[in-house]
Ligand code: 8Y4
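One chain comes next, on its own, written as structure tokens: the form predicted alone.
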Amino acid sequence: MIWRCRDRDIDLRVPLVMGVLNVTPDSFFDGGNFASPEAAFERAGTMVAEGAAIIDVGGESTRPGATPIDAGAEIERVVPVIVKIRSRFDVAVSIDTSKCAVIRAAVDAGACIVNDVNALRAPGARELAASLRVGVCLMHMQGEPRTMQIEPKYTDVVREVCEYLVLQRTACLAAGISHGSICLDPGIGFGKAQPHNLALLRRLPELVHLGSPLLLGVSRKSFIGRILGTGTRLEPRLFGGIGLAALALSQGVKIIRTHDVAPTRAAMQAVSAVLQGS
């Protein structure tokens, strides 16, 4: 299975790690730690050394209750970081954004993937992605970041998420995006309560069977803290997230998006060895 991403063909026969690089002051996990291009570049280098195949650069927080920023401010945050990463490392760079102006600026700077929590639903986003020939990741989100965790409701969350992802993929294909360039993400924690997240994780094969590579992001998310009974503490969530990453790989997920590259990749290597028999 190959994910076609502009000038790169990413081989997904072996599952890969996408390292999270938030260059924002208000990320729930590392807000402010990598806000400067120098600090972000150093962090990217660490993740590459730890085995990240993709670095996902985000300039606007999408945590619950996050305040949106304009495209100009987002571009100022992400472009210097992308340029610096691409000047030094032979790694795929993803831009985590929903704005067309940011997509264009990031791709001009060297990004080859657009990771969009809004599934390219902004006016002109699909056509832009098609013209740039980037890889795209379409995520499901009920509502929008500021309000998404206020009583999310579903009749059958897995069926509804599947239907949404297929609908958005169809719209992308109609806009000229190649089927081989599309990846899907069920959006764990984005407009989902605890039972919804657990149902999606329990029924991952139904999402895998949609036929596009599946990306999963569970790293350090609050529902893990609720499972473990550790409240708002972030450190214990690492171990729960690694366990869920291993579960996801065993069910056919191809890309794990994480803040914790080294331990996640080690778990993935062990699971892959079992699944492949070598």
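Not measured: the values here are computed from a predicted model. For every residue, the number given is its place in the sequence shown, counted from 1.
Below, we turn to the form predicted in complex with the ligand, even though it does not appear here.
Student: Which of these residues, Leu201, Cys162, Ala105, Val117, gets a heavy atom within 4.5 Å of the ligand in the model of the complex?
Tutor: The residue in contact is Val117.
Student: With the partner removed from view, which of 204 to 212, 154 to 162, 135 to 143, 79 to 87 is the stretch that lies within 4.5 Å of the ligand in the model of the complex, judged by heavy atom distances?
Tutor: Among the listed stretches, the partner-contacting one is 135 to 143.
Student: Taking the ligand as it sits in the model of the complex, is Arg43 in contact with it (heavy atom to heavy atom, 4.5 Å or less)?
Tutor: Heavy-atom contact with the ligand at 4.5 Å: absent for Arg43.
Student: Asp185: heavy atom within 4.5 Å of the ligand in the model of the complex?
Tutor: Asp185 belongs to the contact set for the ligand.
Student: Though only this chain appears here, would Gly217 touch the ligand in the model of the complex if you measure heavy atom gaps against 4.5 Å?
Tutor: Yes, Gly217 sits close enough to the ligand in the model of the complex that at least one of its heavy atoms falls within 4.5 Å.
Student: How about Lys254 - does it come within 4.5 Å of the ligand in the model of the complex, if we only consider non-hydrogen atoms?
Tutor: No, Lys254 is distant from the partner.
Student: Can you name the residues of 227 to 244 that have a heavy atom within 4.5 Å of the ligand in the model of the complex?
Tutor: Heavy-atom contacts within 4.5 Å come from Arg237 alone.
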